[in-house]
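The chain below stands alone and is given as structure tokens, in the form predicted on its own.
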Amino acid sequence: MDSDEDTFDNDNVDSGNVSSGDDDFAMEVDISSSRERQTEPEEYHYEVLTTDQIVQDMVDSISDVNGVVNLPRTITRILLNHFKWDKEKLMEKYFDGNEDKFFQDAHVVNPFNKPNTISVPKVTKSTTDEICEICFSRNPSGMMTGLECGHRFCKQCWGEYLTTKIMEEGVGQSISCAAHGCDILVDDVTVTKLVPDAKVRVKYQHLITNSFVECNRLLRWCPSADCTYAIKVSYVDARPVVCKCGHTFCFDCGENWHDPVQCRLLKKWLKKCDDDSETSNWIAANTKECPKCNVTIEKDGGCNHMVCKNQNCKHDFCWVCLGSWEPHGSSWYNCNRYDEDEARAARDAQEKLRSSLSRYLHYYNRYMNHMQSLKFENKLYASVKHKMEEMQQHNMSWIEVQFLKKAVDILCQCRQTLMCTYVFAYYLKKNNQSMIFEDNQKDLETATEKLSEYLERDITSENLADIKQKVQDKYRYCEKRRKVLLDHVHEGYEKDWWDYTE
């Protein structure tokens, strides 16, 4: 089954998605603004690849390795995938000397030391017939095939096995031999020859292409919906990259560009927001445990006399101090005394949980508010386009009305930055520099809200000149304050000003 045949058809391979196109007004603005951010603080070199270019990059990588190790192309691809498409690491391991282990770890039969046939064909009355051990049918030898491991089955069973793996299980790179317990991987040529359905072959090529991008640390699919492009970089860094579809994201983590917060804190924040941990916090802040059996109890009335509803407990206690209810209403009443150690500890623990929840909700609500506002601001592009047309009817040229487009663009940048500043602030410990950061955050937020207000005003011939001047002044100020905030945070990273509560 060995062959140097190239099984990838560049004309037929794509990522399985539909391109979104880039004639949308909002997207057009986003691209130009994001390209400006690409140069901050220094240029980060990357290229946007189409699916055909991705396939060609994969073919080139295989050719580069083949020029040194001289192996069949299909085996080289399996080896490269095993080493996450790190060509240097592959060649380093290849020349280490332990050849058998090298191929064994990659689940490939050593092409320089092929074993004898493992499974001896069952010979029937006709010496040219073999029995397939999957369907147990008798077939001429020409209808039987297998991998270099020696396991042979009829071509129909192979085809059905491969089709199931590809279409139902979504497996491409890691399809192993159909024999039980054999981990030798199926090569591309075998799949191409044994799968009759063109749709299945195309799906297989999609899976191989996807795996190439996902395994390669220097490549990343654009996370935007329906986008078929991938980004290729020369080195991995937490920097913004801009796809041809207009989407800007962090290459390192794949999330929307999140300056000034670092990837690890953003990841932690998103997990915290999605997790059930905050539900637990609410339970902890709004309920108490029975001091005897530890059952969780929520107060649903005004009376502080609580009776545990656990049938095996029925303990009477005070909701306020968590002490036994028996002394309440007698001369031994001590609930009002704050210096009672046990009650004070219980109240302090409850207050701490409530304070923690309140702090989280403070930052979460502001984070979500800017996220929602950003979605609404994106709708402004359609509104602004209409306003620009209206202004041109008031004797303004097309160039003169571009300030509105620029203003919405900067507004969206500021919303995105402010959203991420609340993630940064949530984990930030208080110090002198954090106070400066919060002042910068306040200034930017105030200016951003004012700019948003200006852009939502109705434009008439009477206020046209006034609106234009105010919008221009305000978006320039927002742009300046955003830069001041980001520069301060970046300086803090360089000088180790920031401490975190993790």
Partner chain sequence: MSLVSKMESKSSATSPSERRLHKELLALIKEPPPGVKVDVDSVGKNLQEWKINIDGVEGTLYEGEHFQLLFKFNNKYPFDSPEVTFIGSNIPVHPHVYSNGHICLSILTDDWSPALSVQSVCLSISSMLSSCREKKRPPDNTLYVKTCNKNPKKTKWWYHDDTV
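Residue numbers count along the first chain shown, from 1. Values in this document were obtained by computation on a predicted structure and should not be read as measured data.
Below, we refer to the form predicted together with its partner chain, which is not included among the displayed structures.
Engineer: Considering non-hydrogen atoms and a 4.5 Å limit, does its partner chain approach Ile134 in the predicted bound form?
Structural biologist: Yes, Ile134 lies within 4.5 Å of its partner chain in the predicted bound form.
Engineer: I'd like to know if Thr164 sits close to its partner chain in the predicted bound form, meaning any non-hydrogen atom pair within 4.5 angstroms.
Structural biologist: Thr164 belongs to the contact set for its partner chain.
Engineer: Tell me, yes or no, whether Lys199 is in contact with its partner chain in the predicted bound form, where a contact means a heavy atom of each within 4.5 Å.
Structural biologist: Outside the cut-off, so no.
Engineer: Just checking whether Leu194 would be counted as a contact of its partner chain in the predicted bound form - the rule being heavy atoms within 4.5 angstroms.
Structural biologist: The answer is no: Leu194 has no heavy atom within 4.5 Å of its partner chain.
Engineer: Among 156-164, 232-240, 405-413, 102-110, which stretch has residues with heavy atoms no more than 4.5 Å from its partner chain in the predicted bound form?
Structural biologist: Among the candidates, contact is made by 156-164.
Engineer: Which pick from Lys271, His180, Lys352, Lys375 sits with a heavy atom within 4.5 Å of its partner chain in the predicted bound form?
Structural biologist: Selected option: His180.
Engineer: Of the residues Glu168, Glu88, Asp226, Asp96, which one places a heavy atom within 4.5 Å of its partner chain in the predicted bound form?
Structural biologist: The residue in contact is Glu168.
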